[in-house]
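A single chain, nothing else alongside it, follows as structure tokens in the form predicted alone.
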Amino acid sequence: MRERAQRRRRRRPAAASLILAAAAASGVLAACSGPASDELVWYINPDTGGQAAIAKRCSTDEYTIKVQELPQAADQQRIQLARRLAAGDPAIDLMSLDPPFTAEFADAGYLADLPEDLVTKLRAQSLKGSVTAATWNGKLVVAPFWTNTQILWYRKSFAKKAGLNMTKPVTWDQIIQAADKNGGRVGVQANKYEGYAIWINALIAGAGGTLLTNAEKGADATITIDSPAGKAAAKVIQTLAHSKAAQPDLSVSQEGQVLAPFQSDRGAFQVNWTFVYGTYAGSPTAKDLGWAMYPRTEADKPARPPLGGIGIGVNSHSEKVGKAMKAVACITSPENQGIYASTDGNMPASAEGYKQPELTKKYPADLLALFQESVNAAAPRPATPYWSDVSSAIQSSWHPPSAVNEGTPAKSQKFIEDVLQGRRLL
């Protein structure tokens, strides 16, 4: 894996030279046919139109921002962007980048440096968790736009029936036992995909552990999943998988699949992202919907919820980097963050964004406060250029959930190490 990455880096200057030559040639043609530097192309993750609306608001007399939609799946977004960026394609100016791929793209040199004045502004306005997710090797490499987090959503009537005091922190064991004994279900993301790796990372972090350390060493990072924290995470998954609280489709469950069972007679708990509130708005479930901090892995340690979101990066091969940076400043303004959250349900990366009237009119104040608390307490996935390999190896070695046991962390660690060192294939 490491040798392959090094070969890619050695090839990049030649590929970049070819691209720049082609770009220079196209520039000559453009000069003959009229100015072509007034359009910025922003590759966005799919949403309900909020990013396109921001692109229109942030367009100026100097440039127009045009959006191009990436695939739905995050791994496919990464593949499409990485292939073009590796070839030095200047046709991408701006990109909406998922946090786990930020380190990879920055390490490969795909991202243009943010101006110091913009960095200062972004650091000052952004939530702690948002800054962490946008940082590689101590440097802010993308502009935090929106930051997502998971909380515990619950049915108030069920919690009351089970005798749980939801004003106090609850553990995974508590909610699993409550659901198991009272005919309820606990909704999680346990399909063989990125969402499962996110859950495992949060469980391990909640027990005081980490997936890896020394991330700056790349493929030689120290894998630390075989630890007491790793075993605590495995125990939670094993307990749920073998309880009556598990959904029948546990091994293929994703964010959207837990929504309908939560509305059924057996609806009890689900861990999920901030969009849930808007999903149930106007339904009978809305009146029975409660929210609390993400469950604790261990009773004496604070929860470390999952962290997601989007940072805006600028292509280092763009021919319009200066204009793109101006667009970034507009796109990530607290006002636009708040408006975007109110229309698409993806929460702001800044505290000021949470104060925008469009957002405060649609969400209860205590829920918005919980989102911010959760972001700052969250455990981002490790910032490593090899996250895609690490995540895929975790998914392979921890799936299906029904097969997880106390030996899983050790087997998983060995597999991850072998994958990173090129001794085994995914």
Partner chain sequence: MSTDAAAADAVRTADSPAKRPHKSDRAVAENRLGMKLVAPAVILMLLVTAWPMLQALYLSLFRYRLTQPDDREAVGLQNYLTVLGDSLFWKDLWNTVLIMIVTVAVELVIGFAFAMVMHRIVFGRGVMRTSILIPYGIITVVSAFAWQFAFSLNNGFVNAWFSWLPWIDSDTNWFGDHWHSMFAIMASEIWKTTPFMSLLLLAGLAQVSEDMIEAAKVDGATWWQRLWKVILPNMRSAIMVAVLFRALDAFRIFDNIYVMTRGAQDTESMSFLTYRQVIEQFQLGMGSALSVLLFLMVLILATLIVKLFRVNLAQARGEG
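Not measured: the values here are computed from a predicted model. Residue numbers count along the first chain shown, from 1.
Beyond what is shown, the protein has a form predicted together with the partner chain; the following relates to that form.
Review point. Quick one: is Y110 in contact with the partner chain in the model of the complex, heavy atoms, 4.5 Å cut-off?
Key: Output for Y110 is yes: heavy atoms within 4.5 Å of the partner chain.
Exercise for review: Considering only heavy atoms, tell me if M293 and the partner chain come within 4.5 Å of each other in the model of the complex.
Suggested key: Result no; M293 lies far from the partner chain in the model of the complex.
Practice item. Report whether the minimum heavy atom distance between P248 and the partner chain in the model of the complex is within 4.5 Å. Key: P248: contacts the partner chain in the model of the complex.
Practice item. Determine whether any heavy atom of P400 comes within 4.5 Å of a heavy atom of the partner chain in the model of the complex, and answer yes or no. Key: Yes, P400 lies within 4.5 Å of the partner chain in the model of the complex.
**Study point:** Candidate stretches 313-321, 158-166, 185-193, 297-305 - the one whose heavy atoms come within 4.5 Å of the partner chain in the model of the complex
**Key:** Stretch 185-193 is the one.
Exercise for review: Verify the flagged residues G206, T224 and S227 against the partner chain in the model of the complex: is each one within 4.5 Å by a non-hydrogen atom?
Suggested key: Result no, not one residue of the spot touches the partner chain.
Review point. Looking at S283, N214, Q76, T120, which has any heavy atom no more than 4.5 Å from the partner chain in the model of the complex?
Key: When the partner chain is considered in the model of the complex, the option within 4.5 Å is Q76.
Practice item. Between 366-399 and the partner chain in the model of the complex, list the residues on our side with a heavy atom within 4.5 Å. Key: In sequence order, P385, Y386, S388, D389, H399 come within 4.5 Å of the partner.
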